[in-house]
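Coming up is one lone chain in structure tokens, specifically the form predicted alone.
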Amino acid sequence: MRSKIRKQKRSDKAHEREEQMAQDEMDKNKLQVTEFVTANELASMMDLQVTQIIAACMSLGMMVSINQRLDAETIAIVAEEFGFEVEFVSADMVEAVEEEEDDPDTLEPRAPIVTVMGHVDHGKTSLLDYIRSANVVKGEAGGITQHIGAYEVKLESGKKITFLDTPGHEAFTAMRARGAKLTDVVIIVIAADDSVMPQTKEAISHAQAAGVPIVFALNKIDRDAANPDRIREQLSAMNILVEEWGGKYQCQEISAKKGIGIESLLDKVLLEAEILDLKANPNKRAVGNIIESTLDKGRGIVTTVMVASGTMRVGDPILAGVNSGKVKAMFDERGKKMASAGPSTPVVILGFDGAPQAGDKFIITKTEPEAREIANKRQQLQREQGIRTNKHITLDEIGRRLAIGNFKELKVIVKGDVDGSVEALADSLIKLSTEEVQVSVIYKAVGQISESDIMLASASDAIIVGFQVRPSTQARKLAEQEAIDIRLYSIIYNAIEEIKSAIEGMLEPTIEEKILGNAQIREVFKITKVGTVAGCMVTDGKLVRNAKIRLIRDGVVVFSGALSSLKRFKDDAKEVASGFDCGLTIHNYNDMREGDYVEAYEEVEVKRKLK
């Protein structure tokens, strides 16, 4: 028996070794590349002579040089010919910086990062206001949060919590998703006098997808219409049971205006954080995420970042996406200068050479030239991809689209004050596309509407949407000259509604038939030089001289066309009403019989609404 077990174990181990070797062989033949690598780079990755790559391209009918960049399709075909599998990755992954690995002994406890989520106007910012003893709401357009805010709060117990306040309006799905990815614990704020709204469900799904603990804050319990149990019931219908009802989710009734239950809520958040045992190494080069990037008129590019681990100091070289720079100055959320920022600290920094994308990962590099070099390589790849993928429309394509006859495109340029808002607005506009009208955001960026934006709009037949930004004087003059439409907004859903209306105007109208009347043929006369004349009685509605008609026999349409004449006695008539008799002839048709019906109708264009 024992020998059988030993044999079985040996057999299993041999099988595992074979599987591992096969996996290693597969991994060895797997290439991670970006699109548009050069023939030379592809050869070095596959450990081949560049002449072999050129020969393979020639066999495909392509003449390439050593430094010529290849598109994705060519790379995949050439690699397959040499037995390699290709996986395309972004430029950021290829031109990555090596991070310092953490030794478990160097890890120290850090403050939890808490994201506040929920539906618009349910009291998220009011809750933070009470905690921070500040008033953020007054500074927001339309009384809603348009940006992600990051605040560090020190409690009376001495413990710190970092809060992320994400906008609740549905247009900010992407921003809320980003908030969930940066966070350790999520507070979902639900108004007790309202219900679990679609945006609240969306926020819950983002938090669940990110795998973070959720604490529910049932706000506005001081109101007469408040019914917290109804909210708990609606949550239970979503398979979310709170602790009071025997579930695993913590829940706290609060009033953000009066401060009821806030301390208990923070205790529950700290309890969730203690269970997670959050630690980070403060003694290394900082890494983290970009929360927002804004263009400030006096200070240039202002970036809000969240340090995940390590410590950031003034003077450090920094890299994020295709942007690099040096940390020239650091401030907390209240504008107070800082010299360094450790793990879980939100900080506003100056020094980037451009506006990094919200959600990008940042890293402090060893030297400034290293950061600049990697950023330049990433920019080059991104620019190459942009040039090669944005192909101009060909004559064949124009001919095809003209032949189809139903293609229309609304091109939009989006400019805003904050990267997160630009992304959210662009995503919302693209979602307005229909089968016939394609919405294309051809350019989106942070900053003032400039002359170059006007020229781009002129060249590409686009409209410009500005969110919290204005055009320069020269740009405004140029826009008037070029007749470019600039729309300026301070509230995001106004922008979406107006663009939606514009699209409805562009949609092909549907043609609907309006039945005008019916007449029964009572007698048919054959008249020389005139043809067949039908003597009719209008049974309902009216017959109109210029209307289209159908001749119906036994319920079947036998002819569709138009009237050539309509008469009352011997006089021409424009229309004949119900109950009167008339004579008519049909254009190019004589086979009319007694008992047939003539149906008069007109076609009406009806503008469609987007669903």
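One-based numbering along the sequence shown. As the structure is a computational prediction, the values presented were derived from the model and not from experiment.
Although not depicted, the form predicted in complex with guanosine-5'-diphosphate is the subject of the following passage.
Enquirer: Which is the contacting stretch out of 418 to 426, 268 to 276, 219 to 227, 303 to 311, given heavy atoms within 4.5 Å of guanosine-5'-diphosphate in the predicted bound form?
Expert: Within 4.5 Å of the partner lies stretch 219 to 227.
Enquirer: When the contact criterion is heavy atoms within 4.5 Å, does His206 count as touching guanosine-5'-diphosphate in the predicted bound form?
Expert: No, His206 stays farther than 4.5 Å from guanosine-5'-diphosphate in the predicted bound form.
Enquirer: Is the gap between Ala256 and guanosine-5'-diphosphate in the predicted bound form 4.5 Å or less for some heavy atom pair?
Expert: Residue-level check for Ala256: yes, a contact with guanosine-5'-diphosphate.
Enquirer: Can Asp121 be called a contact residue for guanosine-5'-diphosphate in the predicted bound form at 4.5 Å between heavy atoms?
Expert: Output for Asp121 is yes: heavy atoms within 4.5 Å of guanosine-5'-diphosphate.
Enquirer: With the partner left out here, check for me: in the predicted bound form, does some heavy atom of Ser126 sit within 4.5 Å of guanosine-5'-diphosphate?
Expert: Yes - in the predicted bound form, heavy atoms of Ser126 and guanosine-5'-diphosphate come within 4.5 Å of each other.
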